[in-house]
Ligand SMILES: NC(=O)c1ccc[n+]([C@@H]2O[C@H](COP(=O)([O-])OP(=O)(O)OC[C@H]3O[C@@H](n4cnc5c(N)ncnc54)[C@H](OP(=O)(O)O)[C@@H]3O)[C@@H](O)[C@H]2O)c1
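In structure tokens, one chain follows: the form predicted alone.
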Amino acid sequence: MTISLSGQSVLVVGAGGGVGRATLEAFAQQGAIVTAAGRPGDALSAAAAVAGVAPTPLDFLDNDAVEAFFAANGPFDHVVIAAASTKSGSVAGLDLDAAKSAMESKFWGAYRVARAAKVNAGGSITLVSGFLSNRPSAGAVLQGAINAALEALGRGLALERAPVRVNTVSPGMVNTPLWHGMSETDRDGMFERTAARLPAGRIGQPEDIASAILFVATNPFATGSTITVDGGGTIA
């Protein structure tokens, strides 16, 4: 069954990130009326320009700003929350303030948006977590805990917000600007080692995750689900 998004309104929060930008483009290509929201900067402006819209500054860490945005905008047919900023590290080694900041950004940021979002009946909210919720890493315990919390939030919201549908997409390692702080040599080496152990034989691209987000947003029978798109990382 082909579902047209022509005329439907879609909000992407975190549109300046790799997954957010790919998601914005995927919905725009299907004819949706997209809003590119996120922290102001070159990345957000570039993503919005590709989609042919103006960037919409939105600080999801500021609850007053989030509530004011939804008081003035919407309702939307689909809302995607792809914004996040976290630091890796062991529980013992990661500074407590940095750990709190990570939770504030990835979990509470999504919570604020999902709490305030105005969505048409039958529309959708999609969260983005990560496969560490099911495949723990000793060096990224906090990330796994945050991702698991997001997935639980999505399942609960699917009940609370019905008939709005709520789902979570859980990526594995994806080639996004998140890794651009590493040297090119180190980054390429990490990608090659990861690809070698994955059943899919490669790491993810932002478009892989965007297609999964598009799927759960447009499938009228999908709600309360977590869709893992990790190249087989969870089972490798």
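All values derive from a computational prediction rather than experimental measurement. Start at 1 with the first residue shown and count on from there.
One more form of this protein, predicted together with the ligand, exists but is not displayed; see below.
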- Tell me the stretch among 128-136, 69-77, 114-122, 159-167 that has any heavy atom within 4.5 angstroms of the ligand in the predicted complex. 128-136
- Query: in the predicted complex, does each residue in the set A32, E151 and L214 place a non-hydrogen atom within 4.5 angstroms of the ligand?
  - Reply: no
- Any of the heavy atoms of A84 lying within 4.5 Å of the ligand in the predicted complex? yes
- Report yes if any heavy atom of P177 sits within 4.5 Å of a heavy atom of the ligand in the predicted complex; otherwise report no. yes
- Query: Just to confirm, F60 within 4.5 Å of the ligand in the predicted complex by heavy atoms?
  - Reply: yes
- Query: Within a 4.5 Å heavy atom cut-off, is V19 in contact with the ligand in the predicted complex?
  - Reply: yes
